[in-house]
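Okay, so here's just one chain, in structure tokens, the form predicted alone.
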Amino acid sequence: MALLKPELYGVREGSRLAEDPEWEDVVPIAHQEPEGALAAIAYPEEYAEAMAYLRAVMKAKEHSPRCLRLTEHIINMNPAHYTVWLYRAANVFALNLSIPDEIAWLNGVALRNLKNYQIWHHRHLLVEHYYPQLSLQGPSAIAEFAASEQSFLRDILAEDTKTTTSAELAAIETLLDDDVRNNSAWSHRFFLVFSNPAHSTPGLAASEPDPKVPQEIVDREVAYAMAKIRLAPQSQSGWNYLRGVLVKAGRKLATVEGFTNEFVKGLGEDGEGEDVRSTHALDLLAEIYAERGDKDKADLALRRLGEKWDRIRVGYWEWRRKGLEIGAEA
């Protein structure tokens, strides 16, 4: 970064743009919310000001070093802003700037923002623009550039792997603490835990048992799922995660029967004796009963789901009951 030209690259410091003599000829275009907007966005003041100047120079179709620096200033605040990235590329090409310099700057941004998709599109545009020039320099120049790209990819994959094993799992736990029903967070947690190369078998599908996964990790994930399910028993996400953990570990569903029974009392009893706090628990119990060959109890669980506890899906539960009959005949 130190070798890059300071008039083109570098974090902006100092006064607001409105107080910067370099920008005194530009009339910023502020964002206007529609009248009566139900959810007006409260942008930070510095970001709102930078975007107002960006709108002005984009409207004027200006391409200049100050515009390039402005895009870097905005990207530092919001690296996911697709329009800013496109405008930055337009400036790089219009000013005929060094593509290797821009890629060197981009590498630093990419390593600080591993989950940012825009950096890859920007890189694609740069390479696409640079290749015709590079090809004129011969095969050795192409090979040298390819080697530098491969080196960068190794660096970012190594950094991404570090994130996966520690900080990313912590971030997922924060998301689930905020919203235990966040199905995407549950899915990503499963990926992080059971695709970790340190303790998983490469190439196995998510639904395939993996004997390489340590039992202490399985126990930890079962306990984690149970704790979250108790917070929201009627959220399907935690139950699906629990099933997935048991399948991945090669454990019988019956190993969590005691836990599942916490949410189902008096199944099949007349009057008010039957109490189901989670239809997902009752569904899992039906599978547990079927797993050990108790067809009558499995049928009862599915029938009560259709009759009382999940009547909107009665057709589905009846289909499941027919599946029990087919299984018994087979």
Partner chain sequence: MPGLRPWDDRDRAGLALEVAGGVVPRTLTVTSGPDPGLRPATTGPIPSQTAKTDPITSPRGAANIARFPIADDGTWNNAKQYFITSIVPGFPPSAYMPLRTKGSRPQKRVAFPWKMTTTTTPQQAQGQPSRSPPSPAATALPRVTVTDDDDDGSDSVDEEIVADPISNLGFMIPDIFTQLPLIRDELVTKTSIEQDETVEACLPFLRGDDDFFDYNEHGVPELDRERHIRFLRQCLGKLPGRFVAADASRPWFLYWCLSALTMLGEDVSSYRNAVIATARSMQNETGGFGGGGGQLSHMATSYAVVLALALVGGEEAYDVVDRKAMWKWLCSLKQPDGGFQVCLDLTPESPAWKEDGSANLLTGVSDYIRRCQTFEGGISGQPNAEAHGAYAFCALGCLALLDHPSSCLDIPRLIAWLSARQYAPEGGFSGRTNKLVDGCYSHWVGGCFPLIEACLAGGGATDSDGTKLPPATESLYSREGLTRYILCCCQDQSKRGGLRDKPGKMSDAYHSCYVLSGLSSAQHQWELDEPTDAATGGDGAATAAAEPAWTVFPYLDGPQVFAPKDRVRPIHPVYAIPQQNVCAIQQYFQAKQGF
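As the structure is a computational prediction, the values presented were derived from the model and not from experiment. Think of the rigid core as the biggest set of C-alphas that the two forms share within 1.5 Å after superposition. Numbering follows the first chain given and starts at 1.
The protein also exists as the form predicted together with its partner chain; that form is not presented, and the subsequent description refers to it.
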Exercise. Can we say N107, A170 and G258 each have a non-hydrogen atom within 4.5 Å of its partner chain in the predicted complex?
Worked result: no
Exercise. Quick one: of L97, A90, V218, I103, which gets a non-hydrogen atom within 4.5 angstroms of its partner chain in the predicted complex?
Worked result: A90
For this session: Examine A205 and determine whether its closest non-hydrogen atom to its partner chain in the predicted complex is within 4.5 angstroms.
Result: yes
Exercise. Is the gap between V11 and its partner chain in the predicted complex 4.5 Å or less for some heavy atom pair?
Worked result: no
Exercise. Would D296 sit within 4.5 Å of its partner chain in the predicted complex, counting heavy atoms only?
Worked result: no
Exercise. Would V314 sit within 4.5 Å of its partner chain in the predicted complex, counting heavy atoms only?
Worked result: yes
Exercise. Who in 281-298 is close to its partner chain in the predicted complex, meaning a heavy atom within 4.5 Å?
Worked result: E287
For this session: Tell me, please, whether between this form and the one not shown the C-alpha of H31 is shifted by 2 Å or more, with the rigid core used for superposition.
Result: yes
Exercise. Once everything's superposed on the core, is W85 shifted 2 Å or more at the Cα between this form and the one not shown?
Worked result: yes
For this session: Kindly check if the Cα atom of E291 is displaced 2 angstroms or more between this form and the one not shown relative to the superposed rigid core.
Result: no
Seminar exercise, completed: Against the displayed form, L192 vs P79 by Cα, in the predicted complex, with 3 angstroms or more change: pair is farther
For this session: Might you say whether the CA atoms of H188 and H121 end up closer or farther apart in the predicted complex than in this form? Their distance differs by 3 Å or more.
Result: closer
